[in-house]
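This document opens with one chain alone, in structure tokens, the form predicted alone.
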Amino acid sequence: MDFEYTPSEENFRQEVRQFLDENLPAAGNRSADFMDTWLNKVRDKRWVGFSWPTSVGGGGGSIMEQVILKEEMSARKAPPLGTCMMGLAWVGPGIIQYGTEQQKQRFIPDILDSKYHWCTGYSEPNVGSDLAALQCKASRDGDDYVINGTKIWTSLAPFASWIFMLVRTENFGKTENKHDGITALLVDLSTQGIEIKPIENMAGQKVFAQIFFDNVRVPMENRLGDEGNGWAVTISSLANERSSIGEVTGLYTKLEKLTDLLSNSRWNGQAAIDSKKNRRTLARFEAKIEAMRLNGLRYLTQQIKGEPLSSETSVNKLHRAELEVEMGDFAVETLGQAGLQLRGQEAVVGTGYWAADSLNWPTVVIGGGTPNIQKNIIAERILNLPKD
């Protein structure tokens, strides 16, 4: 594995650093309109959607340049490059690959300009992590699809304007390949017949929702890809962000916060960071995160070579799920009774970050496939063990 960067890549790194020096004030010195100004500046640099083709307004950057951009932004704890998270991660790439010219012109500029949020309609009640078993139906009626059914655990739905969703347009109740007959649709959440019911989590936040569709009419022009090819559209779209670089960066930032917490907490009259047991725990976390980073570099190497990524990315997904729970629980244990207090409650430490983090574990553990699903994938597709 070659860890060296080309002169051109190093020049790009210097360009990013210079931009940050000139445009990123310290967190305490940012004006009320800083975020709007920041988004406009990175958009002007074409760093939002940096790896997307220039023909749709992206930066046309290489995979390695995108990694450098993420590394430098993360090192300086810069704000995000665009706020339409799902739009940038997979909805946009899906539209670029499978969308019509009309769809590209309609949706891509708004995603790049952070105009609104997208959410993703995959999970359904009684289906679990078996996405291909979905039952939300869409029947053709003239130039429209008519959707009936429900989606659940839909992240960001309470704040989103559009949903990228999968519906079943064929094989209703049949025994053929369940991956067939699935179609991808782009649906305006303000359409008549849609009801969004937020789901409050243990930390009191309402990030998820259940969405009900009652005879919702969606024009055929909002179909992404061919009818019945939704499974391929989804798999291809989700493959755009699979090197785990972003997750590793986030975990290292979380480890820094955890180290600061231990340094500022006292056990029996001494700093918690001085406990040998605690230091071993931090070292174990760091070793696991570094293993994820190196795995991510393997995936990145495959991407650079143009090789497809598949089941091996489940390894990092599984590691991340375990780490998120372990790190959150360890922080709460370190704080003792105060670790259970959320924002606004008596004896809260800081802003209640660690209490909320510990209670929010379903977001990262269940989202994208539960640990049991990841273990089955690893066992069956990597280790060639018998199917569960």
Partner chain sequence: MNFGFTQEQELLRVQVRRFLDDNCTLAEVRRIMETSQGYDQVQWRRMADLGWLGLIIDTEFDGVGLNWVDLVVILEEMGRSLYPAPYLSTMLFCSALNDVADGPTKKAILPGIARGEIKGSLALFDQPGDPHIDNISLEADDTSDGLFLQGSKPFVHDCGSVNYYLVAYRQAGSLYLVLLDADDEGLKQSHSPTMDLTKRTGSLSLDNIEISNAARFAVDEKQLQRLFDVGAVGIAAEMIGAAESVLAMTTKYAQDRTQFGHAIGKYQGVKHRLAEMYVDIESFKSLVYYAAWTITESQEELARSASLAKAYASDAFATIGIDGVQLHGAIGFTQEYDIQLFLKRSKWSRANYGNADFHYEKIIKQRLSQ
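Residue numbers count along the first chain shown, from 1. Remember, predicted model here, so these are calculated numbers, not experimental data. Here, rigid core means the biggest group of C-alpha atoms that superpose within 1.5 Å across both forms.
Although not depicted, the form predicted in complex with the partner chain is the subject of the following passage.
- With the partner chain omitted here, the record of contacts in the predicted complex names 259-267 of 142-150, 184-192, 95-103, 259-267, defined by a heavy atom within 4.5 Å.
- Of the listed positions (E170, E312, D214, D110), a single one reaches within 4.5 angstroms of the partner chain by any non-hydrogen atom in the predicted complex, namely E312.
- Just one of T120, Q303, N222, N295 comes within 4.5 Å of the partner chain in the predicted complex, counting any heavy atom, and that one is N295.
- With respect to the partner chain in the predicted complex, the three residues M86, E227 and A232 uniformly fall beyond 4.5 angstroms at the level of their nearest heavy atom.
- Contact check for N372: a non-hydrogen atom falls within 4.5 Å of the partner chain in the predicted complex.
- Although the partner is absent from this view, W162 stays clear of the partner chain in the predicted complex, with no non-hydrogen atom inside 4.5 angstroms.
- By the criterion of a heavy atom within 4.5 Å, R280 is counted among the residues contacting the partner chain in the predicted complex.
- Within 4.5 Å of any heavy atom of the partner chain in the predicted complex lies no heavy atom of S8.
- For the stretch 64-84, the set of residues having any non-hydrogen atom within 4.5 angstroms of the partner chain in the predicted complex comprises only M64.
- Once the rigid core is overlaid between this form and the one not shown, A78 does not reach a Cα shift of 2 Å, moving by less than that.
- Once you line up the core between this form and the one not shown, the Cα of A271 ends up 2 Å or more from where it was.
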